[in-house]
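Quick heads-up: the structure tokens below are two forms of one chain, split into structure 1 and structure 2.
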Structure 1
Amino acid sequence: MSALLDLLSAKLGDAFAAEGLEASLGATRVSDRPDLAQFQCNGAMAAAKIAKTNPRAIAEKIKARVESDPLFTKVELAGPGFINLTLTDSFLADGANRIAQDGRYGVPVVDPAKTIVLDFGGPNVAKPLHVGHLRSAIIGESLQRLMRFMGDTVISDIHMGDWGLQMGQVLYGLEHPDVTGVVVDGDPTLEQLEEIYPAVSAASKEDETVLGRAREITARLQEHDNVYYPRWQRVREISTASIREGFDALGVTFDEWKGEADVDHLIDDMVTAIKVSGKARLSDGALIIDVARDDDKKEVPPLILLKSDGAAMYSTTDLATIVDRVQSHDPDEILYVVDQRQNLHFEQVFRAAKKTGINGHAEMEHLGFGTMNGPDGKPFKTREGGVMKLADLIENATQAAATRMAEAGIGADFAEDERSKIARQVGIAAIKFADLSNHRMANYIFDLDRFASFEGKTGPYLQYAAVRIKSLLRRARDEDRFVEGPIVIGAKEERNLVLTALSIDDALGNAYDKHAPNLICEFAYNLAQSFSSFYAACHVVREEDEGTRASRLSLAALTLAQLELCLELLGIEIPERM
């Protein structure tokens, strides 16, 4: 609706300018009272303060200048000077027909388009994916789809944790079944790796000898030792295959499958350059970069570039990763979809990158997110108190969806394989929409029973709405009652649906600007509800007037196309039938 709001604001702005006032006072927005009008302009109140006069008197003058415009069917005043605007049905219908013919539905591409590196996912190798990886993956995938739709070039990078002491501990564990209780014959399985790391980690805390040996192995690994480096490569391959499978199940994809190890070769030169620049200093043997500013409201500690023993830190590899991304892609932005609790770390890294100039011209931003919590309000756990594997969560959601489908009589006459496929699509939709419909910074309670419902603000509800429209259009063709024609408006439900459809550019534009997929969810839900009201009030396939039927079928097709686009941007599949 941005284009429409711009048009209305310009018309009202011209009226204010004709009265010797600032044109910006004509800013128009969607009405707070849709029962009274579709749009409103509140500029008369601000104008009255400037002109030191009565706002109602100014509003009367503006009304007199615009009410004869054929765009408006009604211009009214309310309260102290609100200007309420209602557009003609023909104008709204023209807008609907225009966006129906536009493959982007009136949503413009961004200008200028940007090259963006999007960092999300972030799993550690030698560990299974769990619910802690869910939000980063779902939010990141939606954002990369949205940014590409808006015209940006996006390079997504999973950025795995695959280096450092944790890997030395895993390699130590492979050699010491006496410590882990896990005997590995040949290549380890992911299940074995899952047991090995926590066992060695616990042993390292209790036994300095174990910790010392793990550190020795880590050092040899990072020197590309011919014993441990090949073993590490195999562990990484096994883990990556499992990670790919898990993210594939969610429909989450990455362009680059890099990790900390991929930038290890850049660290020495980067550190040398930073030393030469004088941007780092020694403190108690450690090499640090001061990143605090005079205007800081809270303490921002220095970034530790190298520990006193010369070892690199997470912050070191994160800086080297920026070096790699600038050299490889020369991005305009580098965005990190990572838990909000890591905000201080990223603030240090970004400041250090800018201070040392390693970020090129790239702007960096941490797109934090809140936690997915259980009924107790704490981060989601299994009933036994452990961290739930992502595969188990998907399976639970699929089972919940199958139960809901059976209760609603959905798919009862389908073949079992089709019914199972739909249950999985519905279960994943329940998980994704539950997450994305909340602002990413918000914590939320995970309630699978509610999220899997076909009623209310849920992913399955939107899937069902889309499938219902598909069925309607298919039935019109099968019964030879499908006709094509322009959208016209005769009923208020048609008008409301058109107004909702025309707001898609605002919804997607704001979601893009704010990195907020929840705004896509909000639009899709409002669109589905508007269609439901329209369908309940207006005959479509059974409409006898051919012109009216053609209009309503076109409006249904436009609604379906917009729902399909929104669900695609959210990463939600739509079944062919339900």
Structure 2
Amino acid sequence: MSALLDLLSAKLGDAFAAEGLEASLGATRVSDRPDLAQFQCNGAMAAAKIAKTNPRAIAEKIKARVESDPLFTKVELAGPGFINLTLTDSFLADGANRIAQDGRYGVPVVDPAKTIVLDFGGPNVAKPLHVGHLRSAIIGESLQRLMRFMGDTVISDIHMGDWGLQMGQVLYGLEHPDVTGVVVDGDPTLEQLEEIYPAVSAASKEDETVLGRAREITARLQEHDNVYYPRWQRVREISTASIREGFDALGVTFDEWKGEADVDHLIDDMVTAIKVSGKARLSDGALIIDVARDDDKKEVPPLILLKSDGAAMYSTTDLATIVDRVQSHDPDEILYVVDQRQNLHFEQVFRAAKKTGINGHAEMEHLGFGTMNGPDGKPFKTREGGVMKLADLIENATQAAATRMAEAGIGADFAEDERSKIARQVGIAAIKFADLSNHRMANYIFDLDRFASFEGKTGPYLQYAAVRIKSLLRRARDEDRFVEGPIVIGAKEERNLVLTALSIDDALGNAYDKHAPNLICEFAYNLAQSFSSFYAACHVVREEDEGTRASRLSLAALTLAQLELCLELLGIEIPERM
């Protein structure tokens, strides 16, 4: 909760307590009717139920106790017993001046800070990145920035898929141009790898012998065979380089570039320990861990630790990865930003980890997300029906941004290279903001034209809003009209902007608690809108009264600082000018 809401809730709580009622009834929140009041407390309704009296009568008593507080200009009752509260302008202005001085603009760090391993991205070697990986990268990057800003220690890990059957299939493909149609001489290129995998995957479905052979190669690879292992290493290097390039371009970074293969050496000991502990059992030759519970609403099948042929599974590597993370970082939390469709997998893994105790003291949570759909409402594909490559996606977004910029006359007189740099920043902002502004669990439709618009709730709108404030402040200096001074409130647009700015701790705190970057988007958008109304109603650079001008410039600077912070947390760059 915000410092302001805390303070108000405590004041009202004292009044309830003085009436012999629970202090928690004082809980105060932002008013549903901003036309009537800034804040409201509905505690009298609950109090009346408990005390079996009339809520209005209780509300009257609370009102009588708080209305003389110099904090309030207005305390009024409405409806059955709502207590409506309006703060004095000087109190609000003090708050604004306080957060303007504070390097964190009013957002406190969390206490205690945590050590968090954040698993996101999750691309697969030799398979093209798809939009699921894109969403994971965008959401994960924002969460990593937010958690660091809040004071946590975050260790981000890309957890690359580099060890399963898919690798055996690629290695098989390298030896079988007859199956793949791709002739590889020396090292394969990335383009070749991206053709090989789907070809072998399709052939495996049709032809048992291909699948059998790919399985054999997978087993040999996992035994560090001296032919396949070095070949696999090259494939992984080539693929990783391209993944790195793609994520770099998006401004997505990882502390650790580990993959499933990096924990392979931990599997044997882990499995032995689990066997010894009696937490696993054999079933049709496979080694499984029962994880069902009596109160399960839907069936949670056992986790397969080893298949009957002794092969490790996706879940096995995830468990071994937990062992590795606990050994290396002793985290308080391990969070997984992965497509919601993998929820059952994570449920099994978490339960097995707790049952076997391998998670140490770490809490584990799957932060799922919905799908990005095409206009047909189905998971997004290219016009040709394939997966959209990250580079192509960025290219398309840059194009869409360039078109929108031309329409809006933005950058028309800039040099070509600056204009194209801005178009890229705007294109990436369009994609990221569109993705982050939906609640992560929601599915959304990919619509670049809308995302790249400079109007509405979009990334480009916010970038433009920030650039406009920058240029306003620059103009004040250039024209020698810059003065410093405290924020004072006169106009209602100033009051409204201050109220919005004072709610940043609530917005970012909730975004952090709920792992919901959409709440950052929402706050940033409200802030930009409040600023825009303020700017439409109040002169800033042209204001003649120096004190008022200083106040408005300070308010503009505070708005800019908060917008910059929010965009930074969303992973969105702000162009120097537009």
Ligand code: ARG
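Under this definition, the rigid core comprises the largest set of C-alpha atoms superposing within 1.5 Å between the forms. Counting starts at 1 and follows the sequence of structure 1. The structure presented is a predicted model; accordingly, all values stated were derived computationally and were not measured.
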### Query
Between the first and the second structure, which is the form predicted together with this ligand?
2
### Query
Does the C-alpha of Val131 move 2 Å or more between structure 1 and structure 2 once the rigid core is lined up?
yes
